[in-house]
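Below, in structure tokens: the form predicted on its own, a single chain.
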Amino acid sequence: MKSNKKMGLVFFPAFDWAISPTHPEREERLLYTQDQVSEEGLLDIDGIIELRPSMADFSDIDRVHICVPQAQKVTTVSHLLSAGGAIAAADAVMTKKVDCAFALVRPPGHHAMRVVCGARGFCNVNMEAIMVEHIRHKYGRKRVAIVDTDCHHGDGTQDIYWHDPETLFISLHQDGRTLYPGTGFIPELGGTNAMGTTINIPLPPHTSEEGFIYVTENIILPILKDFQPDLIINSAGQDNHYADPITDMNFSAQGYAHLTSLLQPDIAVLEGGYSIEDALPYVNVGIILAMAGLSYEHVKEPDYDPVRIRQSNKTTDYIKEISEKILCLYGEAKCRRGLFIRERNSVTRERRIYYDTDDITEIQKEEITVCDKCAGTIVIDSRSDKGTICAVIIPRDACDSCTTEGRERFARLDRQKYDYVYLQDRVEDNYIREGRK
């Protein structure tokens, strides 16, 4: 048998990392998948190859995050290898060693925001963002779409790319009124300089294949066509499955494979999914076959019953209603972006962020420069159990004005006011950290 697409697989189960021996986020999440891939003989198929994970550098993390006090304190070797696995998948695609790649790695990362004081939702650093910014650093400017199919809203990825007009972030997830992290609502459309490049599709509990495929065909694919990305990344969380112990959805392995075949991602990166024996091996095999362009019709869980997991007519009607609203707001948001740029010099937002895994509370104030030429300079004032910090972020491809503003603001910072100050200068790929501690 030969695959229709040359595909790379990266496995990194992180044998030495688990929140606890019985926690859902533990190494067995991938061990059963490895066994299933081996039993099905997928790596014997001509065109499907296994890729070795590399080790990410701290510079890869510093290109994305402001880690308090530093990246070395909030990561382990497993985090560097998980991010390195995603990078290995990206390098294989970008150098055309393969047509597409799937990084089956852990720990996950999509709840990790720009500022990292600890772990949120099992996530310390954001694997997809680290991978995307590695691509841009190594291979040049790219328009990127990240489609997050995890059951939980990808609030960390949304935060990192909230102000970035060249990154489209789409998250379809269980409604935040019913599930952690309680965000990801339809009006969340992106920051002032990037209105319309964040799209949230909150789905009601017990949504099944019909609902997921409907929003993929009627919302995601039209917006992707309009955005015209150079790369499509899938944050391939699998906890929408009907057997998942911590969520309330009715998706299946067949549904995930169908969604993947529609989405046609260049790179997929594993996120959540905690039904270790009953779901993950089947879902992952379905995704692998779909990405390789092979038939997945026989991939079914032993207890798969499409009638039992079918969504209600009320759910179907609701999903159709919000789909029309989302598409309408998407069109309006692009027009509103121009109005904001003409009317304002800067915009601020204040947030209270809770790191549930590490029990840390952060109070954050963010100021963004309104700019019609680039993503705009960001200044973040953050206070948490880890101390007080101020970070200045100059975006990649920043215009001359925002570059100068960012460097001047960093030079003027009152060092005595903060425990740590940071400059993330993406124009020069330069990261500076100064501290009183």
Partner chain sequence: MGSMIIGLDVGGTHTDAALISHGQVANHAKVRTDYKDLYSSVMGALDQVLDGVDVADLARIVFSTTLATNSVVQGKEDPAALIISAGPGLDPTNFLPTRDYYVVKGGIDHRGREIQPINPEEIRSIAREIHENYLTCLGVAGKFSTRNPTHELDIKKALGDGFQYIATGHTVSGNLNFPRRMITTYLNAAIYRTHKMFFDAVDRSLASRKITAPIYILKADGGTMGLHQSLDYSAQTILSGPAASVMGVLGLAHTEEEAVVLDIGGTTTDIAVLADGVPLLEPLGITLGPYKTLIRALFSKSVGIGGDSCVRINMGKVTIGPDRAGPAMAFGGPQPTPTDARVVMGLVKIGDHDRAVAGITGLAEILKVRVEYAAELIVNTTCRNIVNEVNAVIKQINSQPVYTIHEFLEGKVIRPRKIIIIGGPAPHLAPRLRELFRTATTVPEHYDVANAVGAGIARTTTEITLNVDTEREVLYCPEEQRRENVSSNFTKKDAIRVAFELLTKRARRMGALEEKIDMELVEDMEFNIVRNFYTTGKNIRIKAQVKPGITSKFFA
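Note that the structure is a prediction, hence the values are computed from the model and not measured. Positions refer to the first chain, counted from 1.
The protein also exists as the form predicted together with its partner chain; that form is not presented, and the subsequent description refers to it.
- Residue in contact with its partner chain in the model of the complex (any heavy atom within 4.5 Å), chosen from 216, 357, 315, 78: 78.
- Proximity to its partner chain in the model of the complex, defined as a heavy atom within 4.5 Å, singles out one entry of 36, 403, 384, 70, which is 36.
- Looking at residue 281, you'd find a heavy atom of it within 4.5 angstroms of its partner chain in the model of the complex.
- Proximity of residue 310 to its partner chain in the model of the complex: non-hydrogen atoms within 4.5 Å are absent; the residue sits far from the partner.
- Using a 4.5 angstroms threshold between heavy atoms, residue 300 counts as touching its partner chain in the model of the complex.
- Mapping the unseen interface onto this chain, residue 246 counts among the residues with a heavy atom inside 4.5 Å of its partner chain in the model of the complex.
- For its partner chain in the model of the complex, the listed stretch (42 to 50, 403 to 411, 62 to 70, 390 to 398) containing residues with heavy atoms inside 4.5 Å is 42 to 50.
- The candidate spot formed by 133, 140 and 162 lies out of contact with its partner chain in the model of the complex, as no residue has a heavy atom within 4.5 Å of it.
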